[in-house]
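One chain follows as structure tokens, the form predicted on its own.
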Amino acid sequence: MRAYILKRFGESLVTVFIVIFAVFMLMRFMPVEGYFTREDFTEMTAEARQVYLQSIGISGNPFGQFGRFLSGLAVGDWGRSITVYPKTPIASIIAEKAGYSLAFGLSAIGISIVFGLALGIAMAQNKDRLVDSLGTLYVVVVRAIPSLIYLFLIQIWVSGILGWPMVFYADVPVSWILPTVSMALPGIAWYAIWLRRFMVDEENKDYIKFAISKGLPRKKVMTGHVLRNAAVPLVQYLPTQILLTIAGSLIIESMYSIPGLGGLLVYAIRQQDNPLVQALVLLFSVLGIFGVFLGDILMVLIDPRIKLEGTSRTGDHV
């Protein structure tokens, strides 16, 4: 177990390093106007611009600049915003915005898990019946139609019918409902369809048929064996989903004007705030990578069927 964890952690660190290097270098191809306010860019001379770009690590030896960038990251220096929040440390911006994304994201995950698992169980236990057909229709609609379309319709119709605000207000609790539910819809569909698939696969296995043939109650078999084993693969993706809630939803936060990190990235791109864009892209990437790492570890811990060491003298691994 220890060797496996260290191996996966090392692989994750290498992946993080590659992502940081790639993002850092790609940002050097962005227009340099994104590193100036409009006033500074028009008032500075060409020589002054070059000196400024070199001072913030944009021009000059890229590998030397990358080394200094890593040193800054190590001590929590993410740079400073240029156009969105001029001269404000990016680390403080992220700390302020992450709370909104985390609150909405965790609420959406909770809703997704509860309703997604309930729908998946109902679909599996009523395979090829009305419940299964309606659940499949919901999954197809959510996953096949571009999310921006049905999210926009929800925002317009529900807000119009119920008279709810169409944007987020921190002091108006009812304005929190639509964005939270909208964030949960894809998760509900994902949990439902995959749990149904895994439960149906488990139900067709010989050990389940044998347990039922011995006289064990079907409900007990479904909950004690089928559901338990079918839920294991879903757990693998839970850490990634939780960590990425910090990053927020790019579409929904923008639609409802939620001051989180997802909406901030969209706005930073529009304003060509290159340092802020770079920091947010790195944050999202690192969270995703370590989410996968934690998911792999969690999978091993909860599923005793997974073996990390060979059981034969030939050194074969499962």
Partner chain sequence: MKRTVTALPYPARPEDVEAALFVPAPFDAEESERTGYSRYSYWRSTVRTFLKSRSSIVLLVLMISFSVFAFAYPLVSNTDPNEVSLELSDWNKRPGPGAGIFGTDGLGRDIWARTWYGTRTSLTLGLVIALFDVGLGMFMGALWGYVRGIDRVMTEIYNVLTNIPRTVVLVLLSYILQPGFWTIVIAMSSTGWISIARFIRNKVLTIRDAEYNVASRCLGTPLSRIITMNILPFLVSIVIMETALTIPYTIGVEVFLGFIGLGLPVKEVSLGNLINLGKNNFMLYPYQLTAPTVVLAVVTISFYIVGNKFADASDPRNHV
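Note that the structure is a prediction, hence the values are computed from the model and not measured. Residue numbers count along the first chain shown, from 1.
Beyond the structure shown, there is the form predicted in complex with its partner chain, which is absent from this document and is the topic of what follows.
A.B. asks: With the partner absent here, would Glu11, Ile18 and Ile145 each sit within 4.5 Å of its partner chain in the predicted bound form, counting heavy atoms only?
C.D. replies: Every residue of the spot touches its partner chain in the predicted bound form.
A.B. asks: Considering Val140, Ala118, Ile177, Leu106, which brings a non-hydrogen atom within 4.5 Å of its partner chain in the predicted bound form?
C.D. replies: Exactly one residue meets the criterion: Val140.
A.B. asks: Applying a 4.5 Å heavy atom distance criterion, does Ile149 contact its partner chain in the predicted bound form?
C.D. replies: Ile149 belongs to the contact set for its partner chain.
A.B. asks: Give a yes/no on whether Asp201 approaches its partner chain to within 4.5 Å in the predicted bound form, heavy atoms considered.
C.D. replies: Yes.
A.B. asks: Although its partner chain is absent from this view, report whether Leu26 comes within 4.5 Å of it in the predicted bound form, heavy atoms only.
C.D. replies: Taking the distances in the predicted bound form, the answer for Leu26 is yes, it comes within 4.5 Å of its partner chain.
A.B. asks: Give a yes/no on whether Gln65 approaches its partner chain to within 4.5 Å in the predicted bound form, heavy atoms considered.
C.D. replies: Answer no; every heavy atom of Gln65 is more than 4.5 Å from its partner chain in the predicted bound form.
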